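As a starting point, one isolated chain is supplied in structure tokens, in the form predicted on its own.
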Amino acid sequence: MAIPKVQKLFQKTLFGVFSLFGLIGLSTSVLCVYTVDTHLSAEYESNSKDIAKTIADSSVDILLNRDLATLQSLIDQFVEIQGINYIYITDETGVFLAHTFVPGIPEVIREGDPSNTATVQRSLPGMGDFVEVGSPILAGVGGAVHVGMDTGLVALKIQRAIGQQIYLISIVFVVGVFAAVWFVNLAARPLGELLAYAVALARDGEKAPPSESLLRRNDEAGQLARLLLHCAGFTDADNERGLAAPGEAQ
């Protein structure tokens, strides 16, 4: 489907409309990315903290009995939750009691402070980027539980949300382009008729017949047509005949 030609007078208007569409699409996408990223990150971080606290509360008796096999089995169950990539538990001295790393604990984790339970950003070679949260066991006396959340999952959900939004915005943009061109051409049609009428008056003078479609209009195009008719030397009677309904003109 070809886009109809637009009058030069309205080309800047169309350009402004298209620019407005682009600005709305860009600002909406940026806001969507920020909103989804903020909410999803906060949600996963909150869930990870709850999981860390649950493990910390559940591992008190296990640690007292030094049942490390049960402790390992406990964290293996939680690591199957979507978004949770790794879990490790250390005692009060920083010794690793249980972990889910395969084949071994990354050097970045070993060099960190195991007693720090604050939320930190981790980049593990060969594994990716993570947000790590922690929870103390018995206020830190029994050690700490650390849970790593995969930020790649959040990024994937953001990409899906943005993809759906871009698809919708593209449809709205295409429909808006054709609608804007149609409305602008609809508004410019009287201008084209007025231009053709002025050319006819300039070429034929008083021999040019009055244009009923223009003279009957109540807008600026009709006013200009009547002014041109008067300037061309038509009498009031000619003007009235031009405005007469079909079948009434004498």
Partner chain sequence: MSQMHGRVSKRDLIRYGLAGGLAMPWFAAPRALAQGQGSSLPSGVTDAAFQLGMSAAFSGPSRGLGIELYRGASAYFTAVNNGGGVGGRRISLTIYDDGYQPDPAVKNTLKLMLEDRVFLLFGYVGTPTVTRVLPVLKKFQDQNTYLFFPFTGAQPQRQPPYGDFAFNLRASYAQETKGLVDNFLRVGRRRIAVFYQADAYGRSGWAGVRKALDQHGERIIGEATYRRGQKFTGTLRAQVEMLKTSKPDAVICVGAYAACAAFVRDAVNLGLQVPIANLSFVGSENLLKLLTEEREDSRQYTDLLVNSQVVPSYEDVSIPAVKEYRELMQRYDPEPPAGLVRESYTPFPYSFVSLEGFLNAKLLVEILHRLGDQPSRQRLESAIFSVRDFDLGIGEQVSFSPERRQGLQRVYYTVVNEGRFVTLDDWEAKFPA
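Positions refer to the first chain, counted from 1. From a predicted model like this one, the values you see are computed outputs, not experimental measurements.
What comes next is about the form predicted together with the partner chain, which does not appear here.
Next item on the list: Go through Ser123, Thr119, Ser73, Ser115 and name the one with a heavy atom inside 4.5 Å of the partner chain in the model of the complex.
Entry: None of the other options qualify; the answer is Ser73.
Margin query: Please tell me which of Glu43, Asp57, Asp50, Asp67 lies within 4.5 Å of the partner chain in the model of the complex, judged by heavy atoms.
Written below: By the 4.5 Å heavy-atom cutoff, the listed residue in contact is Asp67.
Note to self: Would you classify Phe130 as touching the partner chain in the model of the complex, given a 4.5 Å non-hydrogen atom cut-off?
What the structure shows: Answer no; every heavy atom of Phe130 is more than 4.5 Å from the partner chain in the model of the complex.
Item checked: the partner chain contact at Leu97 in the model of the complex, heavy atom, 4.5 Å -> Because a heavy atom of Leu97 falls inside 4.5 Å of the partner chain in the model of the complex, the answer is yes.
Note to self: Taking the partner chain as it sits in the model of the complex, is Ile105 near enough to touch it, meaning that at least one heavy atom pair lies within 4.5 angstroms?
What the structure shows: Because a heavy atom of Ile105 falls inside 4.5 Å of the partner chain in the model of the complex, the answer is yes.
Item checked: is_contact(Arg110, the partner chain) in the model of the complex, heavy atom dist at most 4.5 Å -> Arg110 belongs to the contact set for the partner chain.
Margin query: Gln77, Asp91 and Phe101 - do all three of these have some heavy atom no more than 4.5 Å from the partner chain in the model of the complex?
Written below: Yes, each of Gln77, Asp91 and Phe101 comes within 4.5 Å of the partner chain in the model of the complex.
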